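A single chain comes next, written as structure tokens; it is the form predicted on its own.
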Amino acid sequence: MLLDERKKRILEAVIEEYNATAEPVGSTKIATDYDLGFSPATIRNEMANLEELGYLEQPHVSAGRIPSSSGYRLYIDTIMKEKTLTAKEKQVIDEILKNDIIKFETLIKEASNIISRLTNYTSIAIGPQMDNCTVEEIKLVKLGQDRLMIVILADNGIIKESIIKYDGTLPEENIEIFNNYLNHKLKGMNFNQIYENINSYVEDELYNISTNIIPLVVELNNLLIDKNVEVYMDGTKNLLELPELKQENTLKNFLNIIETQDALKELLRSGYDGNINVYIGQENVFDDFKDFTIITYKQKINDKEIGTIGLIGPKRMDYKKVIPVIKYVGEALQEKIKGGGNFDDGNKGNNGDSGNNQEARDTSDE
């Protein structure tokens, strides 16, 4: 049902007051603090009408009213005017995401951290499922005498990398041979296809050159089959300090969400690409989410999924502020990935080591 302008203005005032105080809102409060031009009696009657329509709820007979999930949905879709990020907020986001980051997991963690800092809610993010990606390029970079970095650039712009530590010295000519051979054989191939048939692509001639190829193939396989996609969360303490989390059932549901993560992964994979998705309270299909709002920004480049960022908070949320933050971070993250990171430089910023705080994996010649 379409609401007239008066009902919309009263609903907006109730939502803003409830968002600020976390207390049920009465008609006198709206009449006193909000310059709507309506009498307390008129506001009271309209609030009763909004309750009948399902946009407001009355938690107790003697209490004021609070917005329902439907009320928040109407507010977001037709009433709310998004805030503009300040120049300082944009600068903070731009400065962090412009840093030299080669590893996608590090990049998406940075994006998640920014969202938590700027919204004071719990940020959530998940990387892409790489199963259907193809290899754009493989690069082997020698780091010192006994370390080798393997870098895989996928066709969705995501970079996978790892460090291999050898017991002995790596001949430069072997690295060049391995690098050329792997690109010749694997470029354009599907990740899953390579994983399932790795030995058919790396023929005996490479093993005959040097047994150094063995740990390299093992680590290549590890990168290709990394299906244990992790949900990154930041700022869980922010939610624990909110009044909503003082209720035992709500706290229990939140703890279950962050401990199991299964439903959260499914939700992060859903929704529309390249746009904001807002799931409010009862709109969520999972019972644990009924007291929360989840906002996500699912991203794609060249028809390939590159991950999802967002946040989880109470239904009582400053939507005017958080939605623009997620949009801006999501767009900045997408531009960063389109730029391809530092793949061409390979070891830029590594200084002979991993440069990504990732421990080298100890492997030995066989």
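Computed from a prediction, not measured in an experiment: that's the story for all the values here. All residue numbers refer to positions in the sequence shown, first residue = 1.
Not pictured, yet referred to below: the form predicted in complex with the DNA.
- The partner is not drawn, yet in the model of the complex one stretch among 306 to 314, 60 to 68, 330 to 338, 293 to 301 has residues with heavy atoms inside 4.5 Å of the DNA: 60 to 68.
- Contact annotation: K320 falls outside 4.5 Å of the DNA in the model of the complex, judged by heavy atom distances.
- In the model of the complex, V25 approaches the DNA with a heavy atom inside 4.5 Å.
- In the model of the complex, the DNA sits within 4.5 Å of a heavy atom of S39.
- Under a 4.5 angstroms non-hydrogen atom cutoff, the DNA in the model of the complex has N45 among its neighbouring residues.
- Contacts between stretch 120 to 149 and the DNA, counted in the model of the complex as any heavy atom lying within 4.5 Å, involve no residue at all.
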